[in-house]
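Consider the single chain below, provided in structure tokens and representing the form predicted on its own.
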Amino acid sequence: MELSSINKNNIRETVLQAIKKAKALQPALNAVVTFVDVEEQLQKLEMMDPQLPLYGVPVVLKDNVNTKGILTTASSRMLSNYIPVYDAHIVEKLKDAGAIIIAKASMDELGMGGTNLSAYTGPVNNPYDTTRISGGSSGGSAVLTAAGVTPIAIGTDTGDSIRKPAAYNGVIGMKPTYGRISRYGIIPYASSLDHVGYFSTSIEDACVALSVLAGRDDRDMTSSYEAVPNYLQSLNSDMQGKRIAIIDNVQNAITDSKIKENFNTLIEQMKQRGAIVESVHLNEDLLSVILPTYYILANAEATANHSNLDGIRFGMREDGDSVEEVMIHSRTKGFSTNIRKRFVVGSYSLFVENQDKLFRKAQKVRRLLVDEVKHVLDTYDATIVSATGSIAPHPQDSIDEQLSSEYLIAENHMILGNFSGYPSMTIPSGFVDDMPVGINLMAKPFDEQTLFNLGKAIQEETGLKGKTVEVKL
């Protein structure tokens, strides 16, 4: 589904059909946490300009995006009673552009995961094969885009939470530069790594979405003052002379020959279009500690960010004979085992006696990794790698932050985009064993236009523009 397919002459029917489709798919996909009553939005739309960029477009939000008066759970039992009193900045932006919010999508609990198996409402299933995972943490949004419910769905990305499910579900996943989109009103995970992004099925729609969502917001001090271009107007697919670096550490770490073949075929097509594609080798020792470095930093920040979810100041409450008991009971029942484990790791690395040997050391390693990426992009326009080392696995075969040498680089390299804050995008590159696979691009800060231009050329080669899947019910 693309923006161009929206019938502006009968918006009500278009929106209601999108909701009807999402509800029909819910038993198979389990992608929605809350359906939104759209009547008030539709009435307001009647007084708006039909030329608005997202006029009447049904949009899905990841359930960590605050929506005034609408349940927002971040797929955690702890927030199962949380109804915000305000809209996130991006909700305001979407509505001002004419979009209609139709649903809140499932996610890994509090965004902490890469499988979408941990949501308190249950796992989200892949629309290409419902016995396989969607990926996470933005799995619900990815799935609803891939199934053709909506042309644009909002996600967030702290490690690869947009870009990996995009690959697993055969859609475009865009994580722009850190600060490009305001995070005001987003339930956080790790503040120095969190990005707001989105899914689409065409590069053209990805351009429109970023032009709508980007821009300075004084309520988010990390949001950028950088001017917002008209990405669609500047879009072109000319690859002539573009310098693109293959990070060979990543490709060498991938063992699936079919994914390697898919990647190599695309590289040859890019070369035929005039691109200069060369391999670069990064420090292998540094790349092998991406995941543990991320695990320390992200969970330390998460521990601080969610210290208020204690049943007293915030979140669902369990009874106890004292304030301390209420907090213990609420956090024990409110969070899954996996989340509690992350908080333990985060707290441990923040103990005064551990900060130098864990937290600050991880910060230094992060800086070294960013320097590696910067050095490559000083010479090249973008990097390119296979987004994942496999197709979407079955739940019993899925890995989530597994500290195994087999997966350390092949499955965690996209964290580099969060460590650096550089723009990074996954785009479909074909199919392996009837399941979608994708490639990942990364460019210099605020050079999203290069990603879009390269993406358009790739889209032309693959013929996958607007591709969605009919879910077998």
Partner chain sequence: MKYETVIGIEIHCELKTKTKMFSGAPVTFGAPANSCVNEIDLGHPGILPCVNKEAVRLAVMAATALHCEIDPLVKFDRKNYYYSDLPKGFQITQQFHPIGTGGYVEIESEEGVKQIRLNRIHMEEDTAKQFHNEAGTLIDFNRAGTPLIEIVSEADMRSGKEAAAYVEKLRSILHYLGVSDVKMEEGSMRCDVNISLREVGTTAFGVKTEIKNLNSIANVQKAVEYEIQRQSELLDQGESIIQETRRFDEAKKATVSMRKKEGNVDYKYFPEPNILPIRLADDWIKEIQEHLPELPDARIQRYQSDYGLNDYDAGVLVNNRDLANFFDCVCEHTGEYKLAANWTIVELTAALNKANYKMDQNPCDPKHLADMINMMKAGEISSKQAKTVFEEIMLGKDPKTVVEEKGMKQMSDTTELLRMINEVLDQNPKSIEDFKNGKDRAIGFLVGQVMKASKGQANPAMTNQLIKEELSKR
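All figures in this text were calculated on a predicted structure; none of them were measured in a lab. Positions refer to the first chain, counted from 1.
One more form of this protein exists, namely the form predicted in complex with its partner chain; it is left out here, but the text below deals with it.
Taking the partner from the other structure, its partner chain in the predicted bound form has a heavy atom within 4.5 Å of a heavy atom of residue 218.
For residue 359, a non-hydrogen atom is located within 4.5 Å of its partner chain in the predicted bound form, even though that partner is not displayed. Using a 4.5 Å cutoff between non-hydrogen atoms, residue 294 does not count as a contact of its partner chain in the predicted bound form. In the predicted bound form, none of the heavy atoms of residue 380 sits within 4.5 Å of a heavy atom of its partner chain.
The single contact residue among 147, 250, 79, 99, judged by any heavy atom lying within 4.5 Å of its partner chain in the predicted bound form, is 79.
With the partner omitted here, the residue from 239, 392, 300, 94 that has a non-hydrogen atom within 4.5 angstroms of its partner chain in the predicted bound form is 300.
Look at 197 to 205, 369 to 377, 218 to 226, 161 to 169: in the predicted bound form, residues with non-hydrogen atoms within 4.5 angstroms of its partner chain sit in 218 to 226.
Taken together, the three residues 85, 186 and 351 all lie with some non-hydrogen atom within 4.5 angstroms of its partner chain in the predicted bound form.
In the predicted bound form, its partner chain lies within 4.5 angstroms of a heavy atom of only one residue of 39 to 69, namely 66.
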